[in-house]
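Shown here is one chain on its own, the form predicted alone, set out as structure tokens.
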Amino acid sequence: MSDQAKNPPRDYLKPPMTEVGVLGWLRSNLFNTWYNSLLTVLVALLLWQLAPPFLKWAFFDSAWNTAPEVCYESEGACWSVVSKNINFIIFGFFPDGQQWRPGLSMLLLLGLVFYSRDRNHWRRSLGVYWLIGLSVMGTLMYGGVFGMPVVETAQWSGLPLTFMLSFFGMVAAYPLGVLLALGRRSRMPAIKSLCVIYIELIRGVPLISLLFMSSIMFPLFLPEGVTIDKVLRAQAAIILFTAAYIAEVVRGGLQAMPRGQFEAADALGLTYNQTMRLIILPQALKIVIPPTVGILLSAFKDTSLVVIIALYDVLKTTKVSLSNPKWTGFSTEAYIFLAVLYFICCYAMSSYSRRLEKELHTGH
């Protein structure tokens, strides 16, 4: 027998079946220790007891697009409360027959976000695309041209308002937070003091108080006859609030930079702006991606607080739909729908942040 037959190549030596594939994953993740095995068995028994009744209630015995009377006779979930009120839940008080405009605006916004996910598209032309897209979205929402009737911002509600407040709030708050973080670490006492006062003052009050001030107190300081749109005031409050928290996260990333990075920049003769733009900020912003995303996710969910200043986001439009006596008693289904909607948006943001963090990881 040849030596090759006695000693087969490594390529032909496969690992045991219990170490790879599904069995290997189960063994390494669910049954690797005795207490993990016990916990896995207990969770499986719990799911065995809870999953069948839930599936029966949510799917098999449920009503999906029926009249309210049918839901009262059914033992399952009444998803009809969502399907029958979906237009109002999504678009709120936007006029009937014109709801294609906010729908198209949301599709355009999501398309730009999806296109911007690829780092290969991060060029100057991307900014031009965003300016064009924002102009088109603003025109669609407000109207007044091309035969579209004017829709005042007081009628902007539902999911488009939630997307607008959250997305533009996050986009505008991030660079403002970076500037505040740089100002707080500045060697100029005046700039540093102003940034510290702003950050600590904003972080010391809840978002609700800022929304109340923007809606009720701020107009009192304006000259007579001068008004600022309520949506714009709410947007400014969200931006200022989120920026203060981002500033502290970015400051932590700046403090984590080794002193040698600054010394190397000085040795190369780089100016302060060049040092921050080319060396310090790219590294600092990379290491604070997880906490930054956490703040942005909180900002997305906190947009539901605008209901206290009479702005009808998607949560408020859902509550209004439930105020109809025909749908009394089916709030569980409506709030489950909202939870799934928020989860999809938050999970998409979290997934992209993990992918971006992995792409930017250099092993240091």
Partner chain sequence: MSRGRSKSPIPENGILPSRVPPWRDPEKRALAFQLIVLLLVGTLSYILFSNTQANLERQSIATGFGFLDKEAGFEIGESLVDYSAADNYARALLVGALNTVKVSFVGIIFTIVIGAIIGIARLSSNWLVAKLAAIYIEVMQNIPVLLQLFFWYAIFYESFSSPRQALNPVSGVFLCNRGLIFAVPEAHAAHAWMGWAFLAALVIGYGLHRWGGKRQEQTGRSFPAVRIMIALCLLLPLAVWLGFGAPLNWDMPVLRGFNFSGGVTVSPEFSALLLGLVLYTGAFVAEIVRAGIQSVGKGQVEAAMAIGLRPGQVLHLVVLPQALRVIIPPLTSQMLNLTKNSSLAIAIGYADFVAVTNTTINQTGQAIEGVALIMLVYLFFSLSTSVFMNWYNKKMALVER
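Keep in mind that what you see is a predicted model, and the values were worked out from it rather than measured. Numbering follows the first chain given and starts at 1.
What follows is about the form predicted in complex with its partner chain, which we do not show.
Student: Using a 4.5 Å heavy atom cut-off, indicate which stretch of 141-149, 89-97, 232-240, 196-204 touches its partner chain in the predicted complex.
Tutor: It is the stretch 196-204.
Student: Given its partner chain in the predicted complex, answer whether the residues M276, P282 and S353 all have a heavy atom inside 4.5 Å of it.
Tutor: The answer is no; none of M276, P282 and S353 reaches its partner chain.
Student: Among S116, Q255, S209, S135, which has at least one heavy atom within 4.5 Å of its partner chain in the predicted complex?
Tutor: None of the other options qualify; the answer is S209.
Student: Report the residue, out of A339, A58, L50, A67, that has at least one non-hydrogen atom within 4.5 angstroms of its partner chain in the predicted complex.
Tutor: If I apply the 4.5 Å criterion carefully, the residue I get is A339.
Student: Test of understanding: in the predicted complex, would Y245 fall inside 4.5 Å of its partner chain by heavy atoms?
Tutor: Result yes; Y245 sits at the interface with its partner chain in the predicted complex.
Student: How about S62 - does it come within 4.5 Å of its partner chain in the predicted complex, if we only consider non-hydrogen atoms?
Tutor: Residue-level check for S62: no, no contact with its partner chain.
Student: Taking its partner chain as it sits in the predicted complex, is L315 in contact with it (heavy atom to heavy atom, 4.5 Å or less)?
Tutor: Answer yes; at least one heavy atom of L315 falls within 4.5 Å of its partner chain in the predicted complex.
Student: Just checking whether T332 would be counted as a contact of its partner chain in the predicted complex - the rule being heavy atoms within 4.5 angstroms.
Tutor: The answer is yes: T332 has a heavy atom within 4.5 Å of its partner chain.
Student: Taking heavy atoms and a 4.5 Å limit, what residues of 134-172 are near its partner chain in the predicted complex?
Tutor: Heavy-atom contacts to its partner chain in the predicted complex: nothing from 134-172.
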